[in-house]
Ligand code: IYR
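Take a look at this single chain in structure tokens; it is the form predicted on its own.
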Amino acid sequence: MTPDDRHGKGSHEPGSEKFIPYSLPRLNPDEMVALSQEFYREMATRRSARVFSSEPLPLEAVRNCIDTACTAPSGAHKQPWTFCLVTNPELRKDIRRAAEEEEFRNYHGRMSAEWLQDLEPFGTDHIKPFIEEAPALIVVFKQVHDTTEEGGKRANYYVNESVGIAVGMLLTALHRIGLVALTHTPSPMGFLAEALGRPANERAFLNIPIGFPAEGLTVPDLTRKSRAEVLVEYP
């Protein structure tokens, strides 16, 4: 079963979910090819950034991008995600301090020699100024279970898959409005839940600094895998 419930049911009693008519505009094949090529060309320009402009963001536009992320499919429609939009400078400073402590341990013992070698071309280390320099962070949490009003637990399903799809849609939405982002994973990330006062059923999934590209921003000259390397067809 995929993260999207196969029968469209929610988390209620079996058969209790209301169903409504649904359809999409039917495009001809030429239109479909043209639109898919146009969208691919747009998304092929998406890149991760580590240097951000300090220019303030139109936060309502960012909130709209988070709304888009929340249209993602999820196991049994449990929607097991929380998006924390952090603009407070002091809080971002605290998060940077805690992140660099964890990253120092990563770069000086936790990471394998092979991992460090793979990171060498990108010049990364445990110093993470972008956490403060970016005008906002979107810290994404996964809800490993729901909590009932009585304090009990209700299961969530396909949590990592569901939240991962939502993050992909978030990155796409941010790119479409001209913002750059970085998927930052200062593992372990328990300090993020502590810094943001999140409940016990939430675990940090990603820290995503966002903003306008800094003037003169450069990014690695990467080549993505070709279609032939990633697509296997079974006609």
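Since the structure is predicted, the reported quantities are computational estimates derived from the model, not experimental observations. Residue numbers here begin at 1 and follow the sequence given.
Heads up, the form predicted together with 3-iodo-tyrosine (IYR) isn't pictured, but that's what we're talking about next.
Contact stretch among 120-128, 70-78, 85-93, 135-143 - heavy atom within 4.5 Å of 3-iodo-tyrosine (IYR) in the predicted complex: It is the stretch 120-128.
4.5 angstroms heavy atom contact with 3-iodo-tyrosine (IYR) in the predicted complex for T185: Yes, T185 is a contact residue.
Interface membership of A155, 3-iodo-tyrosine (IYR) in the predicted complex, 4.5 Å heavy atom rule: No, A155 sits far enough from 3-iodo-tyrosine (IYR) in the predicted complex that none of its heavy atoms falls within 4.5 Å.
Proximity of R203 to 3-iodo-tyrosine (IYR) in the predicted complex, heavy atoms at 4.5 Å: Result no; R203 lies far from 3-iodo-tyrosine (IYR) in the predicted complex.
Partner contact for H175 in the predicted complex: 3-iodo-tyrosine (IYR), 4.5 angstroms, heavy atom: H175 lies outside the contact set for 3-iodo-tyrosine (IYR).
Residues within stretch 80-116 having a non-hydrogen atom within 4.5 Å of 3-iodo-tyrosine (IYR) in the predicted complex: Residues within 4.5 Å: E103, Y107, M111, W115.
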